[in-house]
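Structure 1 and structure 2, given next as structure tokens, are two forms of the same protein chain, each shown alone.
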Structure 1
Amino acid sequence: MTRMKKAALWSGVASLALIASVGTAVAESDLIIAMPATNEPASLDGHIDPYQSTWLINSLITDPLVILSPDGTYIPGLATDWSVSDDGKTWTFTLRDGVTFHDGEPFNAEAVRANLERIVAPETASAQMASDIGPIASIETDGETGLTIIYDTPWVTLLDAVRRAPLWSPAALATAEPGDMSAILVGTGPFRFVDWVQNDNITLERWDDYAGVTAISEAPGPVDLDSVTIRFIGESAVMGEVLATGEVNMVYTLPPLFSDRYVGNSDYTLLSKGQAGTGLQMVMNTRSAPLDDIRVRQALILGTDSAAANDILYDGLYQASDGPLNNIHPCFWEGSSDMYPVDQERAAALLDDAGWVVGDGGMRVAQGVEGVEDGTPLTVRYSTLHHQEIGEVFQAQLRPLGIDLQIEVVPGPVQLDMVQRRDFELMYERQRSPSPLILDQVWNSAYDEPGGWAWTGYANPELDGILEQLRAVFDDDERCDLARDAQQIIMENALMLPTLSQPIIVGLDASVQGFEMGAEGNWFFLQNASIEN
């Protein structure tokens, strides 16, 4: 072969190699997400698992009937239209036409019915979803696209359940062995389920036949991302660094203490959103001393400064939660913030009044307190699952007041055991939901029993009445008004110690575009996401 021809051959080979490499580089649009290991789903089947992360991951594999958009309104998912009857007992949905599951099965009203029936079936042992779907009396279908769900009692929260409930292919549900993930997780969503290496990662790949017709997608058709890999990280220090090392291009969620590594750095974007709910509240045991006395309870609130704790511990990154609902909750009562401004003097006076006087060494002891032997020190246990550092700041703040706040970190089983035995003073209890019904869960004395979430032992018929009404009212504004009344009563009686609210921080590197957070920090959308190098 002549020199010239050889040169031509080599340059040809070289250019082919170059094109191939560029081609593959362009083709690789893989999103790698780091999630904390505590977020790992249990069975990955949103019908069974009661975990937000399960529903979130399911939403990548299958579209729901309705979607809660980033601005907090419900927009069409696989249902184009819906309505509820005036008595709250009949829900009607109009479904989209022409959508199929990953396995080719058609998406229709029968498919939805099969899913709903599976959720409420006893064999499924659905922990949460069955509760959220509610006591369905009957389901009717009308052709491919008409669906009616009928209840015996009004059920106003169906949309919140349905936006999370995954819809799987009925063929898959019928034939899959229980526990065989890949067989069940056949949905209508933008990504197909590939593999789940437990405690390690979940991999999804793009479904090329995705219709992309829900209201969240900016354009129809398959999405931009080639694949999504979710890696579960066991150690928070590693979570803080793993974005910087380039091992992942998204961190969900970033521990707040590591955010200064990324803030102000143009290579990364940080998004922060709160979650509506109760915040990291500490409920009080009003059944026995010392917290059976409202003066002591009020003194605790007056003596603690959450804003200072926020600055000291989290550089101000955590969010305010001044009452039984946190400040970003749609039904938050503003009065919570003003009722107990930090006031050590007033707190001291209340304690003196209540019979807890300053003894030797500066700590308070009982003197003439009913049911308490004179000389008993004022010790209050602060029992929590995590975020004990907040308690530690409070401990330092309360010491000058003469209160001995004892911090104890307890695991889940111990927390529930202590609650059942009513053996606690301050107990961590967090609920996360934009619905004010969480107030009913926590403060309605009807739920003061095993399995219930009302732990304080406080019973007030007026409060109970308001909370019960919450369930019956449909109108959002009316519900919020009722919720505010409830919060006022709770605050006036000083039944809980507000602390802070934990935001969700998401870190993205500059290559990730089109990522959208949900209405709350605990949701996001990838339909419009892409990776630009």
Structure 2
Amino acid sequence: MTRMKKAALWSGVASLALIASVGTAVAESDLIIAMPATNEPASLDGHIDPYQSTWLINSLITDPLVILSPDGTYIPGLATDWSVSDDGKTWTFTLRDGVTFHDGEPFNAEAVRANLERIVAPETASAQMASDIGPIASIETDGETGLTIIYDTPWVTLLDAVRRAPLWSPAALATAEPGDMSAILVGTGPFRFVDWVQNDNITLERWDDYAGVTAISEAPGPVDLDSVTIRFIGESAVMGEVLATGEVNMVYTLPPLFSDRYVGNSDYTLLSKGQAGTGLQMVMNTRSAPLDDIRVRQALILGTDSAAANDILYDGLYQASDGPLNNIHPCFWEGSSDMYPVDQERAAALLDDAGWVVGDGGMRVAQGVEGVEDGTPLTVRYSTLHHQEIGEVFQAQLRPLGIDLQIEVVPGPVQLDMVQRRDFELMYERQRSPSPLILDQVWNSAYDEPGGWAWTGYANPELDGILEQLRAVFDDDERCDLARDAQQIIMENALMLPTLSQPIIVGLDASVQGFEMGAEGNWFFLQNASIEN
């Protein structure tokens, strides 16, 4: 793909004309955030919706029990301190006293219990948060501020769950109609939920009674910002230019190719941070042809060149993600980078051996493949929520091998429905966390169930045994060793197609002060933010 092709992907006069539809000039003390339309959630209730953008928006409305600080340590949120028993089965929290929800109801241990019980209740149909919180055996309260969570099995990763879990007013939850976000989203945080115009924007306003007592706030009391409006924008060209036009004062996930527009300009600030996690991986459905054959799975990996895709699409500004955990993850297994070097000849030999032979027009067809009619073309669906351009580069790379990679872009709810019906071949699945626990979520066959995140259909007792230990081992180095063993098994069995890792670039107008990015690029804090004109 040439530079001319890249320009066509990212810009165009017609696309830039869409900037006019984004809105009017920014007002004082109103933070207007441009966010990719693909980040718009299906629901804003993080007990149910499984996406990072939902939890991020929730964090502006309600404070969590603990906070993952910008330096990567856990600091007090609505819990002032906590401890875990030596066996990892009992967690004890001391909660803040005197905090209230937006509706005036008290925040206390019973409120936390009500939220946790709602999350894990089957009727809630939590798509991920329930599995993160885990199989709670019981919850005990001691007055207003004492809370104990008890498990029958070690659950040493609870902090990583509760730092994302939103806490809603139990009174609001009891009276809200399902789907009524204005009634459900009643928290303790710096902003109140005002409105959600789907496919357009979400509006929040400052809560004047905000306590501001968590460890992330520099001073108690309400925040300086009057409001926050998140505008969802579908055009990359608009995302790249809308900060410069003054229509917004912050861009979350600035397209990398537009960063030169702002670098070195004192009117703007650019912040960039990687996202430790799985990267933009594509997991493989091993239940049926053609991906039930490891030789085909290996051929796909050998036949694709993600480094070339990075150069073609992003001028090399994305990051490598060579395995089940990306290369910046603290538990990355370096062997992932060497196992499948780009090798089209080896890929072709594997396909020949698997019974996928070159037919008319150079595309491969089945010949003696079990369960597949002879002459069936070798087509592989590549289903993704976004970044379809990576799939398009892979499509061009695999065509000389005779593989027809078919790209389809689906929204989140459709993705989850496809997964539950097992109707996919390559499916985008991204988890973001510096904890290796995300491997357990994606690859432990125990979660190959409705609502689970183990999608491939692959089951290996050795792998499952390693992954289960991630929830029981306290020592970080030992957990990383387990994670590296798991990654080796996953790569040896060619269960996922590595692509790239997306850094988050945030563009800010220079008037925005006190903005803080989290320890992960996909998180930020506004408790100390202001607009200085």
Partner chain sequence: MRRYVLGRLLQLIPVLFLVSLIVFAVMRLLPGDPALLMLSGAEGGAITPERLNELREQMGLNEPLAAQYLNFVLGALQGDLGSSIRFQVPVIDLILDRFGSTFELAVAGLFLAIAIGMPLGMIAAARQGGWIDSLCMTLSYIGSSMPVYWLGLLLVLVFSFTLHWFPSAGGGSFEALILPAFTLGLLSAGVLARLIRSSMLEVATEDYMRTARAKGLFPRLIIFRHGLKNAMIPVLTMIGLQFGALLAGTVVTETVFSRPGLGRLIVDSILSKDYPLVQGAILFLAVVYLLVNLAVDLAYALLDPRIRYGN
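Small disclaimer: the values here were computed from a predicted structure and weren't measured. Rigid core (definition): largest C-alpha set, two forms, superposition within 1.5 Å. Counting starts at 1 with the first residue of structure 1 and goes up one by one along its sequence.
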- Between structures 1 and 2, the form predicted together with the partner chain corresponds to structure 1
- Looking at the motion between structure 1 and structure 2, would you put Gly518 and Asp267 in the same rigid part? yes
- Message: Report the rigid-body rotation angle of the smaller part versus the larger between structure 1 and structure 2, as an integer number of degrees.
- Response: 24
- On a rigid core superposition, how far has the CA of Gly362 moved between structure 1 and structure 2, in Å, if you could check? 15.1
- Query: Once the two forms are fitted on their rigid core, how many angstrom does the CA of Gln431 move between structure 1 and structure 2?
  - Reply: 3.8
